[in-house]
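Quick setup: one chain, the form predicted on its own, written in structure tokens, and binding and motion questions come after.
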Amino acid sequence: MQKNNKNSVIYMKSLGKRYDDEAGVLDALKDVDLQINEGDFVAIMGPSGSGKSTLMNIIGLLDKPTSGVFLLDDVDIATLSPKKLAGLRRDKIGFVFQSFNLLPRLNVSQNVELPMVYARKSKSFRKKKTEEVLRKVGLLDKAKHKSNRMSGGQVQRVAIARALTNDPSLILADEPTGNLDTKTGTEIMNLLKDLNKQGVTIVVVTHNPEIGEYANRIVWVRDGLLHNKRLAQ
């Protein structure tokens, strides 16, 4: 696969991931070619053991490939030290998890501010940005609430707001509706769809076909191999 002229957020060429231990050799990913462009909404799907979690961890800079090329925003991750990888992960990727990962002792605003604190943004910048992203997810009026007094859908909206604070190149959502009822899950996916319409690049990792239908493109992973499917816009 040749890199096209669009602004690619993720570019992988002949990428592989091999685990070699006492149990033997396992090729979790094999000869992966993948390009995700700015403004895409992609669902990564596949059965347990297919390699989709390995692919997600590599996209999220939580793991490194064994072979091949991986560029994130045209940066070759193979050239980066662990410290620079952590900085790139902080600045370029907003994570949304099934388990929300909010700190219960902090209120909504404080949870949303955390990535900006780590990025050493000024207090005035953090206040303005927190208000902006909470307004975007419809929770500005809940800024001083604690997460343990909020519904699951509200908590996941806080997590999405937090993921937006550093203006990431990519939102990476791992089973974002897994702990939510159907109605609330639909609300969260509609929010992600709206954010995508505003230009946010989104990758959702899911086993749920109904969640995959929100994407414009599905990447199927099976036995470490990728198969692409373009959906109607």
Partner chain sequence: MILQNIKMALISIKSAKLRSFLTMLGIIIGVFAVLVMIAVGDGVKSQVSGQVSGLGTNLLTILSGQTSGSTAKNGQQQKTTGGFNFAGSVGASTLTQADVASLDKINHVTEVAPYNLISSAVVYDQLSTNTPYIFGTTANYSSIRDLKYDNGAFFTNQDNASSRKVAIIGADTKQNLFGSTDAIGKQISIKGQLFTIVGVTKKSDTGTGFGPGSDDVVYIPINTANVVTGSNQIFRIQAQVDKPQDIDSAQQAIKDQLKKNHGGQEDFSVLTQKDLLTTFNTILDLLTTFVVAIASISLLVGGIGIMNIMLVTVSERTREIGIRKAIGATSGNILSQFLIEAVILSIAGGLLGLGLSYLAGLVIKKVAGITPIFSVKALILAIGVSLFVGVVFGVAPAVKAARKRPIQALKSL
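Just so it is clear, the structure is predicted and the values come from calculations on it, not from any experiment. Numbering follows the first chain given and starts at 1.
We do not show the form predicted in complex with the partner chain, though everything after this point is about it.
- Residues placing heavy atoms within 4.5 Å of the partner chain in the predicted complex fall in a single listed stretch, namely 103 to 111, out of 134 to 142, 150 to 158, 103 to 111, 70 to 78.
- With a 4.5 Å cutoff on heavy atoms, Lys129 does not count as touching the partner chain in the predicted complex; it lies far away.
- At a distance threshold of 4.5 angstroms between non-hydrogen atoms, Leu26 is out of contact with the partner chain in the predicted complex.
- Among heavy atoms of Phe125, none comes within 4.5 Å of the partner chain in the predicted complex.
- The partner chain is not shown here, and in the predicted complex it never comes within 4.5 Å of any heavy atom of Asp194.
- Proximity of Ala86, Ser99 and Tyr118 to the partner chain in the predicted complex is complete: all three residues have a non-hydrogen atom within 4.5 angstroms.
- A heavy atom within 4.5 Å of the partner chain in the predicted complex is found for exactly one of Glu38, Asp63, Asp167, Asp31: Asp63.
- Out of the listed residues Ser50, Thr186, Asn179, Asn57, Asn57 is the one that sits within 4.5 Å of the partner chain in the predicted complex by at least one heavy atom.
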